[in-house]
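In structure tokens, the next block holds one chain alone, the form predicted alone.
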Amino acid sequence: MTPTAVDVLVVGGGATGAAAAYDLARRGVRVLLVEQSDLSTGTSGRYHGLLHSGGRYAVGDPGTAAECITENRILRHIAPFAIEDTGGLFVATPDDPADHPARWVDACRAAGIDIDALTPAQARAQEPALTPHITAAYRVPDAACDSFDLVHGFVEAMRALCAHSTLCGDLLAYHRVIRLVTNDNSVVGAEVENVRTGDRQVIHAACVLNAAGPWAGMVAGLSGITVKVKLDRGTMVAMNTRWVNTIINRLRPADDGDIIVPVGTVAVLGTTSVTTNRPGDHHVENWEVSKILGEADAVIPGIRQGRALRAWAGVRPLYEPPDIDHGDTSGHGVQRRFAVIDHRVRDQLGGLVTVVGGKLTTCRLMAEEAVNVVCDQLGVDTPCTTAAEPLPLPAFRQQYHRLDHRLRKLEHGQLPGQLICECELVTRPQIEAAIAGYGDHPVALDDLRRDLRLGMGPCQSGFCSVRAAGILHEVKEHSNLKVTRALKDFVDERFRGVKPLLWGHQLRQLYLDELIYRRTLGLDRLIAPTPEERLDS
């Protein structure tokens, strides 16, 4: 049962909130993590998959660069199951500023980032798809990071700590904070609403840690105070194969479309920077896709003619102190430093701490500094130990996910059961086990996607979603209407990411999917669209 009284209520189930909940549990503090959707559905689950070396910020934001390289090394130590050590390359082309590489090298050395100079020939020997017109190349310790696995690792570790003690540490997913409860100039809890049922309850807490990312300003506003967050939307495009096996960065000042990240079976191209005023602004504009593909093509010739699999966007919660105002300056020019705001000091409101800004790479450090302030309010003097102690190996993942691992198991009979998702090699027993892991809690097909990569391959759920919906119907004994709604929600969300890329093979795939779900199953006629769906269409 959900506790109604804890020491700390953490708001936001992204990387920082999950790391903070784990940190609090390690310090012996009773903690509850509350998230309005599932884990990593906000910014943490909508990024390009890069574990930063700090090289991208060395010139313009040296403080963040130093934080990134430090936390890069720490996350490799404590969460190896979420990281693929791809390494990274920074490469310059004739179109990039000629004086930038020298400035960048000096800045990297000042930040403590290990770099190795390569000749263009050496860089192309490592990555043959690179353009032959490279003018400079350097190797850096970038890596790929699976944010879903990292966040689940923090939450599983928190729960494991509390399972063997009298501590309270749990996750309350699909619950939105609708009110902060105050008493005598202090926040003493929050009222939360189940977004699926509408039920409400009050969670009493000695302190609330606001780690809500793009929603941090809205959560703080529930207590009548102001936290100004600059919302910056960035779009990414996934290609259907790994065009490179090393992370490729443009060696130039930060701009749109200057990174290529091999993640799992795909290559993620990114990213753009567009100011927005909506924390959940996930729409993708055509010019962004064109810009990203064009910039990538300058480094990897021919990539824009490849099959673009999916496009998506995430909102960066950038923060600058109130005395700094860059107006409408692009988010590329805003520093990525994070801030921990002690509202007891700034606003004379006790029981509330906000952490905002930063990078996924620095999530553990952000959590540590935020929890230090929380513990100061609580009078707890236990030090942080999350940098030194590796996370327990999660039950769901013993190593970084790679499709060839599943393929070898499948070929040797170690992945038994009916194959449900051919693209990502997901079997019926895996889906059933994942559903069982939610216990009595509701399960969406999108939850299974984050857990198993269901529907994330080239067909974008064209064949597997109806099969998975059938399994969900059998295991959870959902009504026909409920499982049909779950299927429609999943298919609609996958289509949202395909819509900006309808040409070539992806357009052919869409026609096939439409034949299956609209003309054969009549999915759009089985359930009337919601007002939000009508607006989106």
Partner chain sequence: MTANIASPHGNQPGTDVLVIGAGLSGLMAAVHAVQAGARVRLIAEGWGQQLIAPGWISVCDRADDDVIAEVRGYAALHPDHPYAKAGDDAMVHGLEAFQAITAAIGLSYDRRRRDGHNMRLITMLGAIQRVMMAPRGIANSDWTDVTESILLVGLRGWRDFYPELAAGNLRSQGIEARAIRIDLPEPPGPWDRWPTDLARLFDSSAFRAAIIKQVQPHIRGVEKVGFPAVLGLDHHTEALTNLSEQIERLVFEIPTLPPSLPGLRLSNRLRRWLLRRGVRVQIGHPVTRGLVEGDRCVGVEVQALGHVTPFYADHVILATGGLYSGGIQTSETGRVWEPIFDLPTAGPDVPGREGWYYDRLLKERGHPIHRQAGLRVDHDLRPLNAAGEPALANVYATGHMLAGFNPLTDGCAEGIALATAYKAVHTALELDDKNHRGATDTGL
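Since the model is a prediction, treat every value here as computed from it, not as a measurement. Basically, rigid core = biggest C-alpha set you can superpose within 1.5 Å across the two forms. Numbering follows the first chain given and starts at 1.
Note that the form predicted in complex with the partner chain isn't included here; everything after this is about it.
- This chain lacks the partner; the member of 385, 418, 183, 348 within 4.5 angstroms of the partner chain in the model of the complex by a non-hydrogen atom is 418.
- Only one of 173, 289, 123, 274 comes within 4.5 Å of the partner chain in the model of the complex through a heavy atom, and that residue is 289.
- Stretch-level contact check against the partner chain in the model of the complex with heavy atoms at 4.5 Å: of 22-30, 62-70, 501-509, 38-46, the positive one is 501-509.
- When contacts are judged by a 4.5 Å heavy atom cut-off, residue 422 counts as touching the partner chain in the model of the complex.
- In the model of the complex, the partner chain sits within 4.5 Å of a heavy atom of residue 483.
- Among heavy atoms of residue 428, some come within 4.5 Å of the partner chain in the model of the complex.
- At the 4.5 Å threshold, heavy atoms of residue 293 reach the partner chain in the model of the complex.
- Taking the partner chain as positioned in the model of the complex, the residues of 483-499 that bring a heavy atom within 4.5 Å of it are, in sequence order, 483, 484, 487, 488, 491, 492, 495, 499.
- Residue displacement note: residue 423 has its CA displaced by at least 2 Å between this form and the one not shown (rigid core superposed).
- When the rigid core is held fixed, the Cα atom of residue 409 travels 2 angstroms or more between this form and the one not shown.
- Annotation for residue 487: C-alpha shift of 2 angstroms or more between this form and the one not shown, rigid core superposed.
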